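The form predicted alone is given below as one chain in structure tokens.
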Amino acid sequence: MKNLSDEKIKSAVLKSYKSIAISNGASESCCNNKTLTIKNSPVDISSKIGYSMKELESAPKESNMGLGCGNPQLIANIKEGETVLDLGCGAGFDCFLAADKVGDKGMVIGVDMTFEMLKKARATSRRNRYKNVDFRLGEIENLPVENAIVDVIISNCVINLSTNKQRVYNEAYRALKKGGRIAISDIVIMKELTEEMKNDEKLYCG
């Protein structure tokens, strides 16, 4: 079987997350499947994977689409005044949580390659009058940020979607200040996948 090309995978990922953004729901997300004994709502999904009710209530409801697979902020130790970068920010849920932590003197940068997700995030930011969040269109393999400006990088269930993960880590290192840190929540493969699974676009996006 012919392996999926990087461009075909990228196109499939874009199409999948565009659909999720337009449909407004976790009902189409990777986390909403029959193996999880939880309801379909993003709040239920997020509480199951490590977010507290305080966090869920503090972030704009529309920013939480239930797309994560954990809570990277539990280990990020985000402090007031810091600059935070979210790789694959989606509708901005983790960015808004981080914005509350860094305060007025800090800054949160969210990067996502799906225009429809960023459109939602930017609209939510304007509606809720966030002044310390900047959403940028771009790829996590080619981050639209300067060198050594970030204190903390967070990412929630996104790096697994990249076809060039080493490039992602190289870019993260470039963006981090000396002594900066990175907190990732993601999927880890415990055994080799079959060729059929590797060449299934839907499984890759999920």
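The structure presented is a predicted model; accordingly, all values stated were derived computationally and were not measured. When you see a residue number, it is the position in the sequence shown, counting from 1.
One more form of this protein exists, namely the form predicted in complex with a small molecule; it is left out here, but the text below deals with it.
Note on contacts: among Ala59, Val150, Ala172, Leu161, the single residue with a heavy atom within 4.5 Å of the small molecule in the predicted bound form is Leu161. Interface membership of Pro42, defined by any non-hydrogen atom within 4.5 Å of the small molecule in the predicted bound form, is ruled out. Within this chain, Val145 is remote from the site of the small molecule in the predicted bound form, having no heavy atom within 4.5 Å.
Proximity of Cys157 to the small molecule in the predicted bound form: non-hydrogen atoms within 4.5 Å are present. Within 4.5 Å of some heavy atom of the small molecule in the predicted bound form lies at least one heavy atom of Thr114. Only one of 119-127, 73-81, 87-95, 102-110 lies within 4.5 Å of the small molecule in the predicted bound form by heavy atoms, and it is 87-95.
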